[in-house]
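Just the one chain here, the form predicted on its own, laid out as structure tokens.
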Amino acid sequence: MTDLLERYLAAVARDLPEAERADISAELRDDLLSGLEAREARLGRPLTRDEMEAALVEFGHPLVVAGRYRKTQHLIGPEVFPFWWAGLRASLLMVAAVYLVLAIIAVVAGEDATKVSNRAAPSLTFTLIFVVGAVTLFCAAMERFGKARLLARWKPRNLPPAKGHTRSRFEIMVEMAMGVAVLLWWTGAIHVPNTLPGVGLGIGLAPVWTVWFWPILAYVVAEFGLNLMTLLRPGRVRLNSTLMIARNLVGASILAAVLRDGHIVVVSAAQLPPSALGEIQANFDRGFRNGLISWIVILLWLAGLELWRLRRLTRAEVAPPTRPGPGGA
């Protein structure tokens, strides 16, 4: 029956720290032998094999016993757990935002965009497993190598404002994902069908958009960077608001420049006579001009709204803090 004891001790030893393996194994052997001898003394006879096995089971699983001698008893400790949970929520929100945009592209653009999305993005199950594993391994490594204090470095000035409307993380992430989709489409990485099904009417961008290709590309990239900074540094309200105002004004200026050309899209249809095609072209230009005017108004309104919020923030920073009265909460 001593083979059961030796097998048990060997199983425990395999998971012990190598430098302390011999000493701990010897200590465990003495404890187990003392306990087994005490049982035999109470029974007045040697233990049977089943009784020996039951005693070892009662002492504990080899992995559990070996774990008592490890310095690290957890993968994510209480000091790092809040950061792990916050990072996991933010990562899952980003995944949801990206796949929401991919779903919108697939619905709007049709089968071609669906194929591109399937090639460009892994399956949702694989992505979720990867994200959870990556965040967990990162936090575990930070704790394992004594870098948890880096996660806890913060300043009150970097906290988001207590009052006033601020975009949620999900809103920002959706806008970032939409920006990436627009960037891929603008650079030709994603092809969106431009022919109306059943009509044979093709709609393409007018040459004026080619003139503004690089400014628009820079605008989309800058917008992504601004959203990223807003996401990572929500406490820099003044800087974020100023850049938001500049972004909206620049966007309105670009659209106004395109609008001045008057020719927004190019309509083509081989089966239509030139007169009918010209009338359709004029109608499309008119509709797109109205759309651009509406978008310019929205951007200017957003810039004005952000400027108003910035002024309120300035006044709040100047005003002295108020104290509740004797009957206040």
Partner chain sequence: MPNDTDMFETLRQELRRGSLILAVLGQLKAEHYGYTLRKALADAGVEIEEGALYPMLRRLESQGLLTSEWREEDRRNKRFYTLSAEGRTVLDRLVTEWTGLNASVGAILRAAPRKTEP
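Rigid core here is just the name for the largest C-alpha set that superposes within 1.5 Å across the two forms. Residue numbers count along the first chain shown, from 1. Everything numeric in this text was worked out from a predicted model, so none of it was measured.
What comes next is about the form predicted together with the partner chain, which does not appear here.
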| item | value |
| --- | --- |
| Heavy atom distance at most 4.5 Å to the partner chain in the model of the complex, all of Leu33, Glu37 and Arg68 | yes |
| Proximity of Asp15 to the partner chain in the model of the complex, heavy atoms at 4.5 Å | no |
| Partner proximity in the model of the complex: Glu27 to the partner chain, non-hydrogen atom cutoff 4.5 Å | yes |
| The partner chain contact in the model of the complex: Phe288, any heavy atom under 4.5 Å | no |
| The partner chain in the model of the complex: contacting segment from 37-45, 291-299, 258-266, 277-285, heavy atom within 4.5 Å | 37-45 |
| Cα displacement of Leu310 between this form and the one not shown reaching 2 Å, rigid core superposed | no |
| Core fit, then Glu279 C-alpha moves 2 Å or more between this form and the one not shown | no |
| Residue shift check between this form and the one not shown, rigid core fit, Arg260 Cα at least 2 Å | no |
